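Take a look at this single chain, the form predicted on its own, given in structure tokens.
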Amino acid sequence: MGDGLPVDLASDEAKQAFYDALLDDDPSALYERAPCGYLSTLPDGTISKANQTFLALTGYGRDELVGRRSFAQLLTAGGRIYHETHYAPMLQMQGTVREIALDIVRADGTRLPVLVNSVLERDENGTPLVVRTAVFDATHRREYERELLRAKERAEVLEARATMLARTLQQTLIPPTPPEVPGLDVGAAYRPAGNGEEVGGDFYDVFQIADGDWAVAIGDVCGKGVGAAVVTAQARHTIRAGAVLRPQPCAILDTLNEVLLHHAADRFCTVALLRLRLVGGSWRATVCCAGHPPPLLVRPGEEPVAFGGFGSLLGVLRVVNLEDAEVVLQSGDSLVLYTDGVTEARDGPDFFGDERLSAAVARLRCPANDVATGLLDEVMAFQRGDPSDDIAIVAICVP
């Protein structure tokens, strides 16, 4: 301490000085100049006493209120109704009400937002004697609440716009029907998670590169919402652009990996990219899977088998492990590409899984659209019509 007194002694002296000051306070001044308005009213509501703070808040003179008006008469029309239907009954039953938001009409006709606490005092027989009320100026609080409401409304508008943008983007990523591919039968099915309110990252695309040369892509961008939709759009267009310049699916996906690594969204994705080329009257299929489940190859009289292997996720590592696998398709063969919303569909603790997928694919028959929609129906039925993840399916049948 600056005066050299020990800390504990100085502290004791400060406390004593504080208590002495309290004793010296004028009780009348404490009441009149309290930081909130004070009212006393008779059981019928007539004002019997009001402190100077209340008079300053409302602009009334003491002789205009005491013995002349009730507290309810100072309220707005809505406030008087609330006073009669809620405030007064609660006070009678409970003996106290707290933090009631009301508007008092000032002497000049303007409104004063207030918070009111009241206590009803009774005599020993339970007869009401007086109501003591504290009135707090809530002007700044009310403005703060209005600003919060305005901020909430602005956020809701922005969220609605973002959702609309994401849905518009997604609609451009999911073709309504696959294009006609001469010599092949192509079908697809798509179902967003839940009630479809949230935009997901699953996508598929079927496009032509040249005569007798087609590409089929199916993928899943991590996350949901606008960010996922933007990355999905970028992935789709990168694949389309790369397919024109680079014939191998693994080279195209390597390019996509570089693009995603430089994307500010910092999201990864999985993709299965299939290239179908008509060579000597037969379709040659080349596939590369980047962290994505490999397609199922279905041949008449044989069990479905995975075609291709798992490679690296895209958008995570600088150097990725990607390999192409190739097969010549015969008449009656089919390929089924899908996202993990199929195998990871859940019914309680159980997953739809690979075994159910293989059994369903082996059971379903072309045309391709029946295979895709039939598999989607089975997955939806398994999880009782409430998908927890997006589902995308593309089926390709060789007539």
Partner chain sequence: MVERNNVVVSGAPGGQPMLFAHGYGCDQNMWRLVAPTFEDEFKVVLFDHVGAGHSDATAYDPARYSSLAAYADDVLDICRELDLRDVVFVGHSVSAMIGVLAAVEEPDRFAKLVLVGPSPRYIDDGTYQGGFAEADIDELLVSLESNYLGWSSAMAPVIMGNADRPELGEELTASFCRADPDIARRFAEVTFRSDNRADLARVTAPTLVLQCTDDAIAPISVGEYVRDAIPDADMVLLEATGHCPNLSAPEQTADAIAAFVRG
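Positions refer to the first chain, counted from 1. Model, not experiment: these values are computed from the prediction.
Same protein, other form: the form predicted in complex with the partner chain, not shown, and the subject of what follows.
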### Among the candidates H86, R161, H237, R132, the residue which, in the predicted bound form, approaches the partner chain to within 4.5 Å (heavy atoms)
H86
### Query
So which of R267, R275, R142, R191 reaches within 4.5 angstroms of the partner chain in the predicted bound form, heavy atom to heavy atom?
R142
### Task
Please run the contact check for R80 against the partner chain in the predicted bound form: heavy atoms, 4.5 angstroms, yes or no?
yes
### Message
Residue-level question: is A101 within 4.5 Å of the partner chain in the predicted bound form, judged on heavy atoms?
### Response
yes
### Task
Give a yes or no for D44: in the predicted bound form, does one of its heavy atoms lie within 4.5 Å of a heavy atom belonging to the partner chain?
yes
### Message
My question is simply whether A151 lines the interface with the partner chain in the predicted bound form - judged by any non-hydrogen atom within 4.5 Å.
### Response
no
### Query
Out of the stretches listed (221-229, 294-302, 93-101, 275-283), which one is close to the partner chain in the predicted bound form, meaning heavy atoms within 4.5 Å?
93-101
